[in-house]
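One chain is shown next in C-alpha cells, namely the form predicted alone.
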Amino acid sequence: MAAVDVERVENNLRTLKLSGRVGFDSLPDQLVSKSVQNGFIFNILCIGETGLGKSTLMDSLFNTSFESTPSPHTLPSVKLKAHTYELQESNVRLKLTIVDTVGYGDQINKEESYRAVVDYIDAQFEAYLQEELKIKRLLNNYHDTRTHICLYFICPTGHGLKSLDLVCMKKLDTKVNIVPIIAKADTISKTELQKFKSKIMQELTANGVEIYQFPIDDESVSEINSNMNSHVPFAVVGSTDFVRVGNKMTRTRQYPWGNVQVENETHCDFVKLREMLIRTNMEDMREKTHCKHYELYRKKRLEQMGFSDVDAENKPVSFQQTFEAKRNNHVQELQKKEDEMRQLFVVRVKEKEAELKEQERELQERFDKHKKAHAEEKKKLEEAKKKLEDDVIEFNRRKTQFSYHTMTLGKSKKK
C-alpha cells in the first residue's frame, strides 16, 4: 500500500514558480565547501610487469617523488603493496593510495598473477560492505580503499597483447575501471605505435574486454572525452630527470640522439592521460566504482547470503521480511539438526548398549567356560589325591603285613 502511495505522489508532481529568491540555489556551493573540508580519496591500481616504469609514471603524474623501491624479478608469487599519501594542491586535500603489483608476470604459472589482483579488489569491496552492514556505521570517517582506476601497463613489444594481459583484464573489467596504457612508448616509432594501438583495441574487442570509457553525457566534457576515447590506449613516458627547456624545467628522458619530453604532446600521450585521469574524470571514476562495480559485488554477496528484492512469486519483498524468513529457516534448520543429533545420539547409545551387552555375554561365556574347566581340573585333582591316599593306605597295609611276616619268620628260625 505504501509503495502504491509513493508512486501516486511521484506521478502527481507539479512544477511551481517562486515569487522570490529562497536560497537553495546555494546548495552546489555548500556541497563544494563540504567536499573541500572533508577532502577526497582516490585509489590507483598499477598492474604491469616489473621494470615497465609504473612507479616513475606515478611520480610524473602527481609531480612528486613517492620514493618507491625497485622490485626484483625473482619473487615466487605476486604481492600487492599499497601505500597511502596525503597530497594538497591549493586548498584541496587528496588522500591518494597507490597499489603496485610486485612480481606480476614473473612466475612460470601465470594464473596466480591475476588471481592475487582479483582477490585484492574483492577484499576492498568486502571491507566496505562489512562497514556498511554494521549497526553503527562510520562511513563518513571510513578510509575507502576500493580501487577507483586500474592502469594496466602494456609491454611495448609492438606485437599485440600477451595472453596474461587479456586474461587479467577480462577478469577485472566487471570489478574496476581499466585504462590500458603502453609503457615506455618512446621505444616504438610513431608508425609502429599507431599499428600497435589499433591491434590492442582489436584484441580487446575480439575477446570481449570492456575498458573504461570516458563519459560523453556531460556537455561540458563530451567533446574532449569523445576525442580522448579514440586515443586509448595512451602511449606514455615517465621520467624522474629534469632538463631546462626554455625557461622551464621539464621532465625529460635523455638519449644520445635527443630528448623525449614527458609533457610534450608530440612526444607521447602523458598530458592526455593526466588530463583524463586527474583533471577531468576523477570524480566519474569514483562514482562508477561505487554505483557500478561495487553495486555489482554487493548484489552478488547479498544474493549469496540469501537476500533478494522479490520472493518466489516475483513479488516485492522487504529486507526485514527476507531477514525474518532467513531467521525462521535458520531456526528450523537448527531444530532439524538438533533432532537429527538427538536421534543419532539415541541410536549410538543403543548401539553402545548392544555392544556392551555382547561383550558382557562373551565375558560370561568365557567365565563359565573357565569355571567349568576349573571344576573339572579340581575334580581330577581330588580323584588323583584320593587315589594317592588309597595308594598310601595300601602301601602302609602291605608294609605292616610285610613286617609281621618278617617277625613271624624270625621267631620260627630261633625255635
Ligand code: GTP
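Because the structure is predicted, anything quoted here is derived from the model rather than measured. A residue's number is simply how far along the shown sequence it sits, counting from 1.
Missing here is the form predicted together with the ligand; even so, the following discussion is about that form.
Enquirer: Which residue, 207, 107, 187, 261, has a heavy atom that falls within 4.5 Å of the ligand in the predicted complex?
Expert: Only one listed residue qualifies here, and that residue is 187.
Enquirer: Give me the residue from 142, 85, 255, 345 that has a heavy atom within 4.5 Å of the ligand in the predicted complex.
Expert: Looking at 142, 85, 255, 345 one by one, just 255 meets the 4.5 Å heavy-atom criterion.
Enquirer: In the predicted complex, does residue 52 have a heavy atom within 4.5 Å of the ligand?
Expert: Yes, contact at 4.5 Å.
Enquirer: Test of understanding: in the predicted complex, would residue 237 fall inside 4.5 Å of the ligand by heavy atoms?
Expert: Residue-level check for residue 237: yes, a contact with the ligand.
Enquirer: With the partner left out of view, is residue 43 within 4.5 angstroms of the ligand in the predicted complex by any non-hydrogen atom?
Expert: Residue-level check for residue 43: no, no contact with the ligand.
Enquirer: Find out whether any non-hydrogen atom of residue 308 is located within 4.5 angstroms of the ligand in the predicted complex, and reply yes or no.
Expert: Contact with the ligand, no.
Enquirer: Just one of 229-237, 110-118, 281-289, 132-140 has heavy atoms within 4.5 Å of the ligand in the predicted complex; which?
Expert: Careful reading of the contacts points to 229-237.
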